[in-house]
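Presented as structure tokens, the chain that follows is alone, the form predicted on its own.
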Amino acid sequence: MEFKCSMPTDIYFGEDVILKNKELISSIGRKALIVTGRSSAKKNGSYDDVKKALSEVNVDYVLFDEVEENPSLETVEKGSHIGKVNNVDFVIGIGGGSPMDAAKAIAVFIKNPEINKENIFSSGKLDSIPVVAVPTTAGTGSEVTPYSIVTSNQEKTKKNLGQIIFPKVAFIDVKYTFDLPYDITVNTAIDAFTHLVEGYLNTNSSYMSDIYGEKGFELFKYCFEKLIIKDLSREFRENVMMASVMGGIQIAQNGTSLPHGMGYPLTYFKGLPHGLANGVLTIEYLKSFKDKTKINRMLNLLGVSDLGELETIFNSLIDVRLYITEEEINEYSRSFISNKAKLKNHPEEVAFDDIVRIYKNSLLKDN
């Protein structure tokens, strides 16, 4: 047996973990750039907790609260400029995947002043200033992964920045998710589930990584039941957040697979939220496997009898109405299949027609 497992992020999970562990922040740096979206972190209490902790340990900060959904490289450049002129020495990302991913990218740009949106993808491996992550949704797992997914408007797609940027510390407090609307809770939960699925059914999967995937599926047996009846209790919030963290740890080792790469054009060109873009493709992706040994193991852990029952669960939770043409599907498929790096994590041979079939069966059901 051989495997490599690297998880350099220190994870603090529980109520009031930021304030209880505030001294950690002062050991990381003396001036922070807080990176977040325009409003949610201010409404759910996470921003106030971070501010209070910084004040109590005498750490100064500057706020950049302009991160949009699917952050662009232009936004990353703007945030990094603010960090540079204010001489910050670490970054705190507060929010869902977008602010945390933007925080990671900004940390790279601050550390490397010569880097910009034109040369970042050809720059080779770079260091970053330290990052602290505070997730306020349960889905992306970005608080424990090295990835930073950004929007390249020049290439008209979302893509990984290509750097290894593990947060130094992740403070995970589920109280920040209590007021999330049902639809956002579903979207982010589906994202977490697809991380578990794609990391589990992966060329890089190992005995070690499968532990996280299989425990995550056990948690999702409960989470799916509660989502269906809209019982968003504290216990549900804790379980889905834990499943999200496990999915993040798993993809930190293995990477994602077909649905993520295929979902990016649905987000960029069609405006479909990331979790839904993955979720709408997942069932057909699972059906495409010839060897269903691990899929059957997954279904057993989820407490469902077959893929049809899992499909029923998905259909009860997500309803995607998307206008898309066969020409667009062929275009997305050609682009996807031409990038061998996007195929390497899928454990079976996949051809252009297979990708087209997954798109069509997922998106043209009513046509």
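No experiment lies behind these values; they were computed from the predicted model shown. For every residue, the number given is its place in the sequence shown, counted from 1.
Below, we turn to the form predicted in complex with a small molecule, even though it does not appear here.
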inquiry  = To test your reading of this chain, name the stretch in 280-288, 73-81, 141-149, 227-235 whose heavy atoms come within 4.5 Å of the small molecule in the model of the complex.
reply    = 141-149
message = At 4.5 Å between heavy atoms, is S333 in contact with the small molecule in the model of the complex?
response = no
ask   = Wondering, does R30 line up within 4.5 Å of the small molecule in the model of the complex on heavy atoms?
value = no
ask   = Going by a heavy atom distance of 4.5 Å, is P113 a contact of the small molecule in the model of the complex?
value = no
query = With the cut-off set at 4.5 Å between non-hydrogen atoms, does T137 touch the small molecule in the model of the complex?
reply = yes
note = The one option of N202, S98, S128, Q253 with any heavy atom within 4.5 Å of the small molecule in the model of the complex is S98
task = Check each of V245, L266, L180, I172 and return the one that places a heavy atom within 4.5 angstroms of the small molecule in the model of the complex.
result = L180
